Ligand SMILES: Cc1ncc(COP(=O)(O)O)c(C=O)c1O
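Let's start with one chain on its own, the form predicted alone, as structure tokens.
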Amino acid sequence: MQKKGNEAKISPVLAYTMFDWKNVKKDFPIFEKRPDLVFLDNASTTQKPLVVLDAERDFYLKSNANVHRGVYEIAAKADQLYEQVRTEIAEWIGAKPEEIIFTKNATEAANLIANGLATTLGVDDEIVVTELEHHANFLPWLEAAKRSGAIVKITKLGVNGGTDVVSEINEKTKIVAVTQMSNVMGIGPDINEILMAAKKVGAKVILDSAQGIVHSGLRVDQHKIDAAFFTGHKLFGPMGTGILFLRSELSGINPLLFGGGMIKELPDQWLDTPHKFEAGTPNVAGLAGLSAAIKYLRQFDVKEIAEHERSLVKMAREELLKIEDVRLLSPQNATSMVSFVIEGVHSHDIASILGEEGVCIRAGHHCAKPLMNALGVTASTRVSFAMYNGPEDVEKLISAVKKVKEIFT
């Protein structure tokens, strides 16, 4: 599905897909300012369309005021915008508005839920995580276990990069915290199977959707997840915006932050959810931008975006495998990214040379040290795609990787 009002423009080089990525790319000002830029670090952050930049600027120009504090006109407008964004996000993922909590990023959201659930755990209770997890969905649970005496069980990688989470779930399992999509492998576990197994033993399922939501969507009403979190800057929205979906049955957990805007009566009577979890001044302008980003994204069919990205992954994999000493780490069914190593070349050297060629990728352990250890590497090179990337970007990537080989041969 193309953007409304635009017809598909298919040329021979684009015949592999019906998705009009070239037209989409025009909506992102950075590519007009930097026409030679090849941005393939989208798993780290995405570029922003003009409508997002305009929405943030419009807030500061017309209704800049703190929320839930003032009674004057622009403060009322700020309040209305703030709660309107909450409602929009709830509708998008199939939640109730009061189940949407604003944070500054996915990491804060993960810490909020882990901190809150830590008090529900006892000695020898089990928390199941996977080797696919980003540190944001790993370290908070280690801390929760340390505080409660619970045990963290880490499911191992399988032959194709997946993990058998279900086999680790038993009567002692209280929490299953898993990623919707690995930020290194581009795959994730079967959420439906995990939910079925977890619900049989009364365990809660927490989903890290920071990578997955933009590529696969998220509907908490269909999956009956207990909590899920994601961040705006990975779905074309501003940095400093995070979302925690917290099912209403869990609203009694303790807040993570304490201060203004969340207190009913001192010393410890909190406002109702979600406001009891939102102490301090929020990033209202950022949320205005996030609202614009979600509206922009919803013009498209998420399945067609995913198919477009899979076509680019397939193309990149095929060309990388033709280069001597390149070893792919992400499996063949990866959705939006390709991670690889070049034998004898450090990933930081690869990234540096690619950067000189105008190709932006990520190198390092990607905040996923358990996964790097499981893969037997200290670092890797990651190429991650978004809907504004196209075959020309893959061609420039491959040309730059070949230059790396020339330099180190």
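Keep in mind the model is a prediction, meaning the values are calculated, not measured. Position 1 is the first residue in the sequence shown; the rest follow in order.
The same protein has a further form, the form predicted together with the ligand, not shown here; the description that follows concerns it.
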State yes or no: in the predicted complex, is some non-hydrogen atom of T335 no more than 4.5 angstroms from a non-hydrogen atom of the ligand? no
Check A106 for me: does it contact the ligand in the predicted complex (non-hydrogen atoms, 4.5 angstroms)? yes
Should D208 be classed as touching the ligand in the predicted complex when contacts are defined as heavy atoms within 4.5 Å? yes
Heavy atom of T163 within 4.5 Å of the ligand in the predicted complex: no
Looking at K204, H233, R86, H275, which has any heavy atom no more than 4.5 Å from the ligand in the predicted complex? H233
Given that the ligand is left out here, which of H134, R310, K153, K174 has a heavy atom within 4.5 Å of it in the predicted complex? H134
With the ligand left out here, work out from 166-174, 180-188, 216-224, 284-292 which stretch has heavy atoms within 4.5 Å of it in the predicted complex. 180-188
Taking only heavy atoms into account, state which residues of 330-347 are within 4.5 Å of the ligand in the predicted complex, ordered by sequence. none
